[in-house]
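For reference, the chain that follows is the form predicted on its own, supplied as structure tokens.
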């Protein structure tokens, strides 16, 4: 991996995991260049890409900071996919693909943690692929939950209140593995929802959900500042 991409990806991981919160000051270009053993120009390129993606703000003479969500963006709820699909009159099913307890590693997410992969089905067709991590330090009971039988998002909404959330939504092309699991072609556009939730300042969970582009819309229904998401 080239140095600029490594710097960009590692800073993005720290932000998306919740380790670096909005307003957190990013190390200076000089500090990052020393840390990664590269030129300041390489660091500047990585920071420029992060700023272009909206993850950080670069302020002249002040430095770079983790960006705050835009004021004009609506606050989204955290939907339960099982509930949304059932409300549409379709049978819902969750299939866990991998469940692993993490105790080591340095990817910016708190340890110990559970790493879970699985697929959500609607009417027995793949609906969304999910990759999730749950911080066991904040959610100790998750260690004993049966995530083979129940989707982790459904369990979390029923057991753990959250106080803050951050969504990043992108149009992406799936990997070969993701396309296979979703039953689509490798060049089919998908909607990626990247979400972190906190409880009283502690990260509860980070999840990446990949939806088939022909099966899901995000619909804003404004009433007293609320917004909802629903499958289409």
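Residue numbers count along the first chain shown, from 1. Throughout, rigid core stands for the largest set of C-alpha atoms superposing within 1.5 Å between the two forms. Everything numeric in this text was worked out from a predicted model, so none of it was measured.
Omitted here: the form predicted together with the DNA. The next part is about that form.
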- prompt: Out of the stretches listed (52-60, 164-172, 195-203, 179-187), which one is close to the DNA in the predicted complex, meaning heavy atoms within 4.5 Å?
  reply: 52-60
task: Have a look at 207, 38, 66, 191 for me and say which one sits with a heavy atom within 4.5 Å of the DNA in the predicted complex.
output: 38
query: Is it the case that 4, 28 and 45 all touch the DNA in the predicted complex, with a non-hydrogen atom of each within 4.5 angstroms?
result: yes
Residue 45 C-alpha relocation of at least 2 Å between the shown form and the other one, rigid core basis: yes
- prompt: Quick one: core overlaid, is residue 170 moving 2 Å or more at the Cα between the shown form and the other one?
  reply: no
